[in-house]
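Presented as structure tokens, the chain that follows is alone, the form predicted alone.
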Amino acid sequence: MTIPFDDIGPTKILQLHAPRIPMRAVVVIDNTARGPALGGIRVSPRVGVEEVARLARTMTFKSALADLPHGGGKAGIIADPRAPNIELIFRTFARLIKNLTEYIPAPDMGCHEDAMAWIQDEIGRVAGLPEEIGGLPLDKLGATGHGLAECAEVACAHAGLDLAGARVAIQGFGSVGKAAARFLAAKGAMIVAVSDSRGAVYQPGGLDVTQLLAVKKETGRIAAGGAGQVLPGEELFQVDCDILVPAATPDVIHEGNAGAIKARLILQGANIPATARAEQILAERGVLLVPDFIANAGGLIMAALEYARRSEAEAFAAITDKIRANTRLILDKARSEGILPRAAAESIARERVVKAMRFREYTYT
């Protein structure tokens, strides 16, 4: 696999192996010109170097656009997150990155706050700790979902929608999807479809979010509650809705299904949820897409403020202010210049990173 390098990174790619555990992992430090790289650990048997590198670049841009004093990095542990020795795996990973001081780990898919506590215990350098030991629990508070709802209010105006009464479909009903459903519903949106790894439910008249959350907690399957029409998970992309929130794994929106999407607005709740070609196809059809490093930056913003020892109230205020301002900024730029929102966002983020690099020595890590 060939990893593309450009004028801003990546600066380091590390492959880690502890054969006696066994444990395999990869860490990519994309850029640290604005500060130490802050990025989550993705745990999956299928995560690889290319995915981690793409995610690390997303974190570079996400930090730059949120005007945080951090660069971008990401890690992937190649393991089943339900493995019986998962604590040992995380602790071993932490020991192997102890001297990689330019990287601050945080939670990501397959990784939870307990894991952050184990890493903190080993190396004393982490974001996303449990609240019992001074953290701001990102999943419990719903930082990313809160940011998505704030983004939605601004983006709806650009898409000619009213968020109150807008029909929303959410692909992925994990921590991000559940929080997005809560915060969007609180703003008057109607959740008409949700999916998880084992299926989807669809109800044109709207689903009861409280019931969905209860069913998911009790059974682990949103389709188990009889709340609406049960569909195969991939059919969520075909339901009639105004807003689509992909909030799970990468590249779920692709050339093969982009033409079937009926939404007028897509808020990328997951990192890299759509291929470049899919985004182009959707834009040509008049669908407005808010890219991942704008729409889902709430979790990173809260993690950064936790690391800086700021309060929950300060974190939520920062998420609201930064995401609303950045959504408006990139959508206005995209409209005025006739370019995709992603191109507008990348242009601004790259400019901020390059300016920071001018103040660093050649090896700016």
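One-based numbering along the sequence shown. The structure presented is a predicted model; accordingly, all values stated were derived computationally and were not measured.
The protein also exists as the form predicted together with a small molecule; that form is not presented, and the subsequent description refers to it.
Interface residue remark: Asn296 is counted as part of the site for the small molecule in the predicted bound form, having a heavy atom within 4.5 Å. Although the partner is absent here, Ser197 lies within 4.5 Å of the small molecule in the predicted bound form, judged by heavy atoms. Interface residue remark: Leu265 is not counted as part of the site for the small molecule in the predicted bound form, having no heavy atom within 4.5 Å.
In the predicted bound form, Ala247 approaches the small molecule with a heavy atom inside 4.5 Å.
A heavy atom within 4.5 Å of the small molecule in the predicted bound form is found for exactly one of Val126, Ile77, Val176, Cys151: Val176. Proximity of Arg57, Pro105 and Pro291 to the small molecule in the predicted bound form is absent: no residue of the three has a non-hydrogen atom within 4.5 angstroms.
Screening 257 to 265, 159 to 167, 95 to 103, 134 to 142 for residues having heavy atoms within 4.5 Å of the small molecule in the predicted bound form returns a single hit, 134 to 142.
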